[in-house]
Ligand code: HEC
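Okay, so here's just one chain, in structure tokens, the form predicted on its own.
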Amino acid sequence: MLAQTRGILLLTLFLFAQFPLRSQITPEENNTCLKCHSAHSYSIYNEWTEQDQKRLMNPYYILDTMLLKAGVHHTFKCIDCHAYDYSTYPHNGDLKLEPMMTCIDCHGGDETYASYQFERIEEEFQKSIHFEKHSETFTCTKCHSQHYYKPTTRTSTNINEIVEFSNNMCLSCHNSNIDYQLISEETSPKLIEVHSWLPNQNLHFQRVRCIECHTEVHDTLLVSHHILPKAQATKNCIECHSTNSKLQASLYKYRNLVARSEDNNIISNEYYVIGAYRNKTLNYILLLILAGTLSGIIFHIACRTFRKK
């Protein structure tokens, strides 16, 4: 039996070596780009001085190769999305005016990605406050990094991870004057002041996504992209903290919602109560106290029984 298992393992490793998964492939052509765009400095030949010189790379153009490799687009060549003219260096300055591609440019009408409902997402987005204020200048990449994006909301079974990932997208702009002013003449809103009405702000920001209150939720769409104006944001606590909770149709419809429907045990299921998350350390302490109490009772009964005999 051991020999058979070892044989199967060796065969599996051999097949992986011969036919690597697509997710493990990174185009070699990208190494030319990443030689500069993954470093803080780059070398250039200055024709004026006839010397090689080192320059600092714009920090916004430095790519994290680990995040890049983990992203959904890591198997693409850089020039699949950027103009082919970028394959030569120094880059032509006019290339900076190149329009960025959107998700629908590649995924629209593609049956391979029909389950993602890109066309419906596009329709929702065009009704959002982002599109209403900024039109075509507000593209997918304003929220979704084309280099690092991971489908966390589709693949994660950890609600905390889903919340953090989603909120970081919102905060990357709404908590940064630099990025916020790329699309607005105003300064970034002061989130603490804007949400002054919200009790336990930090807890809400950590446990619930911004889009729970700031979008029109649809049961049939995984993530709503219809961002509402702030005047229409949810401010009624009952909409979330009730049996028929709004969170049931949004945050809890991921794999955690499946877990809740399959496991009705309030002790073992940490997502049983809407909006509540168990602290595992406190759970263990409680179990130890319970075990100690029961042990004490049993010991006391045993001692009384022994003394009577």
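Predicted, not measured: the structure shown is a model, and the values here were computed from it. A residue's number is simply how far along the shown sequence it sits, counting from 1.
Beyond the structure shown, there is the form predicted together with this ligand, which is absent from this document and is the topic of what follows.
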{"item": "V217 within 4.5 Å of this ligand in the model of the complex, heavy atoms", "value": "no"}
{"item": "K127: touches this ligand in the model of the complex, heavy atom cutoff 4.5 angstroms", "value": "no"}
{"item": "Proximity of N200 to this ligand in the model of the complex, heavy atoms at 4.5 Å", "value": "yes"}
{"item": "is_contact(I44, this ligand) in the model of the complex, heavy atom dist at most 4.5 Å", "value": "yes"}
{"item": "Residues of stretch 142-171 in contact with this ligand in the model of the complex (4.5 Å, non-hydrogen atom)", "value": "K142, C143, H144, Q146, H147, Y149, K150, P151, T152, T153, R154, F165, S166, N167, M169, C170, L171"}
